[in-house]
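Single chain ahead, written as structure tokens, the form predicted on its own.
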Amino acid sequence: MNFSEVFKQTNQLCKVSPDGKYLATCVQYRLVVRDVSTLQILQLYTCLDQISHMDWSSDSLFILCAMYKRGLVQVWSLEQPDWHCKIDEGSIGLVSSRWSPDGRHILNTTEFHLRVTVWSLCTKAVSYIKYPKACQKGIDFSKDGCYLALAERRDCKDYVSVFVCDDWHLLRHFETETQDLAGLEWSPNGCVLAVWDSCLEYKVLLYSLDGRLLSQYSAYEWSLGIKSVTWSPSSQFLAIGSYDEKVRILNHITWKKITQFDHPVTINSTKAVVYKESKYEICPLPVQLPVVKPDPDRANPKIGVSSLAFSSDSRYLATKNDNMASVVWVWDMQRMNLEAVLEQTSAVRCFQWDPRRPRLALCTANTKLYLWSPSGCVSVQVPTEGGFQVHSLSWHCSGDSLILIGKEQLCLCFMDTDEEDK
């Protein structure tokens, strides 16, 4: 494992291009593009203000930089450094900006969620979508880039509109059976749209592309409900994390619950391996895990399953239960049981699966990087000067390297993939 030197960044804005060739980082109002393999600077762009959001187009040819305070978006071209585009939303303001899947349209959500503006880079045409709902995840593109699902709120009711991304015409518009829609997400195969209610009501609704309600699921009533939802890459499972500290798995044939994963304080399961930092020793069972009791009088209590992630082969599911913030749980989706528990000494900030193999990376805002795979656990000291602390991380699309992101710096970690594959 090798580490690069440390580079500056602001607001943790650093992203590898979808083709894996370039690394873009923001340093206040500057955008720096590097070659991933040599880390040499290829392009340097200057924006009109400090960048609040940055994103690559799907074909890695353009980079979008949004300056939300100024209501501005600037777009830069990698092939033609002199070409650039400026979108000014003016007094209506800007709260979010994103690419369409074709990499030639930009969707801007205005302040107070008054509308979504679709700007075309090719024809300079502008389209407007009214009534977008301000919620946790109110907009999602299907994985093939053909359809856009948008949550809407009008006349005190929730609706979903499905648009065709080719020309932005409305394909379907239907009312959802939600009290207060909190999010929506397409299955990876694009056949089903999952819609879920706010935490006040446990309800998941599954719709077909033409707006038919295929099924709905509710685990309980009269208590805080759903906290996180994610699909498995195979589209076979829908995992739902909730405030009752459980994950429920629905299957894609009957949409019924096939299993439930609890997060107990004491681990007795003989099939699970419990690793404890600092040397990642395997602990003899039973193991008592550290729990923090949430304050019931405060909003958004730190309890329940807030983070869920499937491995790329859908074999494993990693979860984090907020009142056990220093613990990551790994579940085997074939055997439907607990595979491993990673108990850290401080709260886990971020975890992410290798996009190519079942290997989980995590960080806890200290100077170490942690990796789990079915063969075991390892913790690695990041060998940089000045105590570089890893606050967040993201994998390169090849799985051969990781970007480690600190408060105001970043560095790359290169894996010894030959040894891994052996």
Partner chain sequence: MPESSLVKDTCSISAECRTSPLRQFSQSSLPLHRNYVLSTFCTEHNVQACLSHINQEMSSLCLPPLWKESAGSSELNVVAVLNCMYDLIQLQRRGMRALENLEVEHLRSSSNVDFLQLASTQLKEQLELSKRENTGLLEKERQLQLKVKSLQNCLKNEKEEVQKLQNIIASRATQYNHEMKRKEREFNKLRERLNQLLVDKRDKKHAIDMLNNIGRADGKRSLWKTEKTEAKHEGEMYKTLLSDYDTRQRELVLENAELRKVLQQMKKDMVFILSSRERNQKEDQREAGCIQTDSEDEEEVFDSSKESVDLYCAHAREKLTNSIRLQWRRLKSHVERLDSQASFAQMSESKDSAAVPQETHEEEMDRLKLEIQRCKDFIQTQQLLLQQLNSPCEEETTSLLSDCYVSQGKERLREEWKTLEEQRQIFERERRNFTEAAIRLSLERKSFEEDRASWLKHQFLNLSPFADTKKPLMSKSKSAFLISAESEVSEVLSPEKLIRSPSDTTSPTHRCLSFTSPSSDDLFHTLRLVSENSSTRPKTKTERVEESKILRNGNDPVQHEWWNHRREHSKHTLTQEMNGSVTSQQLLSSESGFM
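Given the structure is predicted, the values throughout are model-derived calculations rather than measurements. Numbering follows the first chain given and starts at 1.
The form predicted together with the partner chain is left out here; the points below concern that form.
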Exercise. May I ask whether E175, A309 and D313 all come within 4.5 angstroms of the partner chain in the model of the complex, judged by heavy atoms?
Key: no
Quiz item: Is F261 close enough to the partner chain in the model of the complex to count, meaning some heavy atom within 4.5 Å?
Solution: no
Exercise. Check whether F141 has any heavy atom within 4.5 Å of a heavy atom of the partner chain in the model of the complex, and answer yes or no.
Key: no
Quiz item: Does R154 make contact with the partner chain in the model of the complex, using a 4.5 Å heavy atom cut-off?
Solution: no
Quiz prompt | Partner contact for G90 in the model of the complex: the partner chain, 4.5 angstroms, heavy atom | solution = yes
Practice problem: Let me know the one among V328, L121, A239, L150 whose heavy atoms come within 4.5 Å of the partner chain in the model of the complex, would you? | Solution: L121
Quiz prompt | Selected contact from N268, S218, N337, S223, since only one has a non-hydrogen atom within 4.5 angstroms of the partner chain in the model of the complex | solution = S223
Self-check item: Stretch in contact in the model of the complex with the partner chain, which is absent here, among 207 to 215, 286 to 294, 343 to 351, 315 to 323 (heavy atoms within 4.5 Å)
Solution: 207 to 215
Self-check item: Residues from 246 to 263 in contact with the partner chain (non-hydrogen atom within 4.5 Å) in the model of the complex
Solution: H252, I253
